Every structure is written in C-alpha cells, then in structure tokens.
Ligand SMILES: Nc1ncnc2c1ncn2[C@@H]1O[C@H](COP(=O)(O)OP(=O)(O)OP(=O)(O)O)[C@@H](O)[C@H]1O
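In the form predicted alone, a lone chain appears below as structure tokens.
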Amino acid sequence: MPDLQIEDLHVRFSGVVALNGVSMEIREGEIFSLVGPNGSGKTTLFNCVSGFVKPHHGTICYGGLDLLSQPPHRIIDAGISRTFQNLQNVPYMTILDNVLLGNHSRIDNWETVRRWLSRDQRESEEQAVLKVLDFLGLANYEQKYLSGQPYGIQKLVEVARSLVSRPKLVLIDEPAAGMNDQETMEIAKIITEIRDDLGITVLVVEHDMSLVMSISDRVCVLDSGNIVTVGNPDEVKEHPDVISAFLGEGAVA
C-alpha cells in the first residue's frame, strides 16, 4: 500500500490563509493524527486530499497518483475514503441502506445490470455491509432506521460507510466529537482495530488530546495553517509550543 505525500500546500479563503506551505507524509500502516484549534486548517487539509478543495499551490500524491488532478469520485477509486465532521447520513433510510451508499465506487455498469436481472448482486453487497457492521459492533442493527438512533451509533454508521468501499487509507474527521467518555474509549479501540485488523492506514482529525495520544503513531500539530511540530505522541506533548498553546503549562512535569 502506498504512502500519502503532501508537499507545500497553500490554501486561502477570501484572503484568509487556511494552509500555509504544509508538507507531511502519512506512511503506510500508521495512525496519523492532526490536532490544533478551530481554524487551524485540519479539515481544509482533509478536503484537499479528498478533492473537495483545490489548493492554490502544492502537490498531493498517493501511490504515484496526482490527487489534485482527480475529481472526488475518482479519489475513492484510488483507495481513499473519508468520514465528515457533520454527519452525512440519511435519517429515514435503514442503517443497511445508509452503509450501502458507500459501496457505489465498487459497482460498475455490469453489476448494475446484474441487479436488474438477479438479486445475487444485491445480496453480495449486503453481505459486505453486514461484515463491516459486525466489525464495528453493530450486528443486528442493519434493518433499524437511522432516525432516532443514539448519536454514537450514527457516528459508527458514518465510519461503516467509509469502510465498505474497502479503502487502503481512511480519513476520519473528529470521531469523538459529541461522544461521552465510554463512547470515546470505544472509538479509540475501533480506530486501532481498523489499522491492526483491516490493514488500513488511518488519518485522523481530532480535538480530544487524550484520544490522540493513546492511538497515534505520529501526531501533527497545526496552528493558523502552519505546522507547529510533527512527531510521536511523547515528542509532541513535550514540545514547548504545544504545551503552552494546547496542553497548558502544567501538563508536563
């Protein structure tokens, strides 16, 4: 599986600098986290990788493919999927059908025809969804409607939809947002298992520093579109700028 290479990324919105020459490498098989205050550029970077924002300057390559030359629906073909900061679920569809939406990149014209002629294709797709739901602890939820489900379940459905396309790299945007301590512990376990059990590289945006420090191989701290530091969790939490700006002066003895 390839690495993700980001070089000298610049993004501005109406004169506001969102990313200012950001460069980083996300290595195959790691959990890499982006942290920083609101407005630091974390989600903008996600949007550049997934094709929703075109930077003013810089390059993003994945396995030799220039992602900036690709529309979003082609980027998922390259093996990159994502979740969103705000839930993108359809409340009055079942959980099964919500997750099936993530399988569109794996369905070609012939498979669409097969759906018309036989139920075998649909059943094959449903079995793939059921495996993902079981992996996420949502077995037997497939026929429940999403409307009215607890927020934690809805977040997991978003993750399930990103996994059913069988990505090699998944971008998870604020997985613990709005979750209680127990749910946060569970999502930390799930993210680790996505990497360890499914062999998927994970790029995470998250504000919860305890979650980030517990699951990450490396952490990048962004502030106002600039990289403060990149390193393993111990290195990052001992960096003086990180201590003063994000963790508090008393965070490290």
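Since the model is a prediction, treat every value here as computed from it, not as a measurement. Numbering starts at 1 and runs along the sequence shown.
What comes next is about the form predicted in complex with the ligand, which is not displayed.
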Taking any heavy atom pair closer than or equal to 4.5 Å as contact, tell me whether residue 18 reaches the ligand in the model of the complex.
yes
Check residue 43 for me: does it contact the ligand in the model of the complex (non-hydrogen atoms, 4.5 angstroms)?
yes
Against the ligand in the model of the complex, would residue 37 count as a contact residue? Criterion: heavy atoms within 4.5 Å.
yes
Contact test in the model of the complex: residue 218 vs the ligand, heavy atoms, 4.5 Å
no
What stretch, of 25-33, 184-192, 57-65, 43-51, brings heavy atoms to within 4.5 Å of the ligand in the model of the complex?
43-51
In the model of the complex, the residue from 147, 143, 124, 85 with a non-hydrogen atom within 4.5 Å of the ligand is 85
Just to make sure I understand: among 204-241, which residues lie within 4.5 Å of the ligand in the model of the complex, judging by heavy atoms?
207
